[in-house]
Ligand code: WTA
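So this first bit is one chain, no partners, the form predicted on its own, shown in structure tokens.
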């Protein structure tokens, strides 16, 4: 997809300046911060790293930059867990709530920073007792319970990089990620709760573990318990409660080099194989600590709720490392936003008097569809700031969020960033920025972004182009695990010396950035990235499928949905039953997030004479646009027949 000039539908003239009351109390309310950061961005980040974090040893050099590789705060030593937990327990925050947790069935727990300190050390001791050492990778496949956070922090404490796999992913997806990372240990649970049903995490893990020779140890937290039993393999599988019962209560944090690996997190790529994004300790912690403090205006009295799962980067950066480094109180919720009813989020906001809410446009669009009667049932007056993450938010959803959740009084920070960037990159600063519905506004201080055309030249205002980052930043990924060539090819080959985000964007006359979505074959479903290749591979894995082509289509709730054009093998009937079977098959192979919204059976796919499927034409068909250039097609009649069939199916 090539970005083009933007039509009048994207013009937005409504503006919302911060109130004087909010501006006065904001953590950052001096507009000259942008200019000061730009004058010497390296000195800016060095000052933040020094002020915001505790270092065991100071660094010698703030930045070594040899494109595309950066090293930040070279020679410095610190520990992420120490910065998130230990330094707070030396103060009055020892008895402050760190995590307020609510399970989907309604069970609750509160962990103070003192509690977190104790439980993290116990679990870190348990990991060490099983032979996990600095540098060993640990895979975490957990529900949204405090133990997921405890496991992450314990890994960081002993210097064992974690690789968190979203609990909604299938056994096959889990095995792929374990094998790529060559993880030594797996931390999981017997199950979790989702819409009243048990998510069988240990059963999925057992299926994966048949194909993961690197795993030596499995630790299982008993979330469900009762009559719910799981298989435990002698010598390999251990119950969390048995291991921690007698584990030492102290485990000193490992001094980590600033550039030591903190974690791996896998994200979908356009070539199908998930990419292991690497984040290191010093730069990442600087980026997430500062952005959490300034973007969310975090105060000690705030009750902060990011609704993401820790299986995604939003959970890593803005549930765990960013907020806890700032000593914040964070809400964790295990279940679905519509269980047992569609007001569950608002009941949680009211119950815990949440002051900050950070959620996805997908969720906001679902709330809109359900109706404002659900938030109206609850007192949301505690909220003082709202955030949006995961994909561009359309102006209508922004306004609904502003009016019905924020009561017209809360600034909205619409944030753009990626797994690869580690931290928020383009965002309002709520005490400074006049916001516009649908715009992420400006790059964060110390971040430099541009919008370029195919030739690498800046585009004019109000024209779409490719979003790039033009200078290094501390939380940037240090590469792809085990695949440096792919790292260079994916992010650094299109525009030399500049990071290509893979997103399209435009700037308006005020210099505000408007994100336009992916420009490659990655589909953004509910803020979660899926590659077309990954879904196609899952479909072709089914014995009925000869060939498949997958595209992203507009979806009212999810932003993008998945549409699959499928050629069926001889001897199979292309009917509704097979459609349902294939949808379920994809869900089993990848996870429910990848389940196709539409499956269109076809005799042929539009291909070039060299055999390449022209997905661009499939998008034209799905979006009801006039067909683009078809001169390179081997058989132009194929696309016309497909267009007629698709339109007939839509009716």
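Every value quoted in this text rests on a predicted model; they were computed, and no experiment measured them. Residue numbers count along the first chain shown, from 1.
Form predicted together with the ligand: not shown, discussed below.
Partner contacts here mean any heavy atom within 4.5 Å of the ligand in the predicted bound form, and among 231 to 239, 93 to 101, 142 to 150, 309 to 317 they occur only in 309 to 317. For the residues 190, 302, 180, 414, the 4.5 Å heavy atom test against the ligand in the predicted bound form is passed only by 414. For the options 432, 389, 452, 278, the one in contact with the ligand in the predicted bound form, meaning a heavy atom within 4.5 Å, is 389. Mapping the unseen interface onto this chain, residue 518 counts among the residues with a heavy atom inside 4.5 Å of the ligand in the predicted bound form. Taking the partner from elsewhere, residue 129 is found to have every heavy atom lying beyond 4.5 Å of the ligand in the predicted bound form.
Within 4.5 Å of any heavy atom of the ligand in the predicted bound form lies no heavy atom of residue 402. Of the heavy atoms in residue 503, some are within 4.5 Å of the ligand in the predicted bound form.
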